[in-house]
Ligand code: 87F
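Quick setup: one chain, the form predicted alone, written in structure tokens, and binding and motion questions come after.
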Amino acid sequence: MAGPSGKKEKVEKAGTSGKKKKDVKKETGLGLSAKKDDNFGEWYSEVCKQDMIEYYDISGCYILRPWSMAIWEIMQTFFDAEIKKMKVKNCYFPLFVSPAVLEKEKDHIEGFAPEVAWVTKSGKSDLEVPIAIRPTSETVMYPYYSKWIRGHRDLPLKLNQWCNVVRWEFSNPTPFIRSREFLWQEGHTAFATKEEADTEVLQILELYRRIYEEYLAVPVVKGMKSENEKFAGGLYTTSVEAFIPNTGRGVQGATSHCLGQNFAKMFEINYENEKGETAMVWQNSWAYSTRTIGVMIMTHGDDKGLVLPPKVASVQVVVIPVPYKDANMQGIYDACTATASALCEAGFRAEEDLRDNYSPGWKYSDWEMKGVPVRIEIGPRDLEKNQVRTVRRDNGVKEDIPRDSLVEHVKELLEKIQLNMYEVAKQKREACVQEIKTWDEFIEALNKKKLILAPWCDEEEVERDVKARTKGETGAAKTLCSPFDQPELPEGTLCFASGKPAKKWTYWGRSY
């Protein structure tokens, strides 16, 4: 199975003609059985198994293999450096939560109660008091914020932890998108004033936008969540929202919450201000998780497998020898090794694939399925001309490049691929956006899997009513976010659902 090079027969024969048949390993079939447009769920499951995850023997739990962990680590390196510029410090709190602490903030625990996993036994003995496994860490951390914050000089307190959390999801577990255990970072900060908290909420949200758009090449919308959809117990929630055109579903990409003073009240996080008076802190919490990887796969993957943005690909360039009968194979192998080494020395993540028991065509398909952004082919003609052939994973374009200028060309090529992947994804997303004014237009757009922008009265009961009226096998429609970048709302515009005066434009749709 050849890749985009279109040289299947010629290359595969060339790959075996110089060796005895017994030396060549029997090549297993490559390729996906499901098509992205025909059966998205099956396609996604197949693509995730291409070195990204392995299914575990507990439903809803997945093994993250090195190919996906490398992506997580690259994002982590970026985000960790950025929050440290903001004077945020890393810490680690225990995984376990006592019931008394967990249940202290009633609205908060009610929002998470169905997903909380409990430890009830030690060996064969029942625990006298069950212990919860953290679904999030507000109630884990804030009793100690109360202990550590005494005066205004203790503020701001800015902590972050990189950890795992457990939410015992019962419906439709999906690798990366909805799992019972996942990796994330969670930041928890405390300030003397609401203004400081408000500023940080948006600073963090911008970092999340950068992760999606600059690293994962996924377009997102920054906006405010509705009262129904905000973080349980918080004052308000902001988010970055992605959209998957193939399924017509939104994905909450990451959230940055202003918790207000509600948790401070519950956990008695008070301090003495400059005037000697007792005051309560203002708090934020913010998080992004390995869900980011799932959104990237859904956005860019195609019928050949993964398509990885260069910035997060653990291997950005793979170099493959193309053997021919009577060719100087040692010279070709040496050129491949030298090419990969030169690229690595220049700061790229490059590897050579010198496996001699697979044909070039098989290797092309293998690395295409893994999503490596650039493939370099070197054959005898390339060796003679002191050149290489580059093949792009995102669009299959081939170029013959002099080896002397390869480093500069690869740098430019990877930048072009990163930008092109974002632009293509943005165009596909924008083609799905539909502005509506009436309920009938809303239902029609929903059935067409659109990202719906609608005028809304901003009333909780109206959103609950929309959910009830659209509930079905594929899930109910709800607000995704009200974008910060608001289109003009003409005077007299009415809410599409209630007929009351509209207050804002809001994105609606089904979601993961």
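Everything numeric in this text was worked out from a predicted model, so none of it was measured. The first residue of the shown sequence is 1; numbering continues from there.
Keep in mind that the form predicted in complex with this ligand is not shown, yet the notes after this line are about it.
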Three or more ligand atoms within 2.4 Å of the backbone or C-beta would mean blocked. So with this ligand superimposed as it binds in the predicted bound form, which is it here, open or blocked? blocked
Report whether all of 109, 136 and 188 sit within 4.5 Å of this ligand in the predicted bound form, measuring from non-hydrogen atoms. yes
Of 255, 179, 226, 365, which residue is found within 4.5 angstroms of this ligand in the predicted bound form when only non-hydrogen atoms are counted? 255
In this chain shown alone, the residue from 324, 144, 184, 439 with a heavy atom within 4.5 Å of this ligand in the predicted bound form is 184
Any non-hydrogen atom of residue 116 within 4.5 angstroms of this ligand in the predicted bound form: yes
Could you confirm whether residue 243 comes within 4.5 Å of this ligand in the predicted bound form, counting heavy atoms only? no
Although this ligand is absent from this view, report whether residue 231 comes within 4.5 Å of it in the predicted bound form, heavy atoms only. yes
Taking heavy atoms only, is residue 167 within 4.5 angstroms of this ligand in the predicted bound form? yes
Tell me the stretch among 83-91, 282-290, 387-395, 411-419 that has any heavy atom within 4.5 angstroms of this ligand in the predicted bound form. 282-290
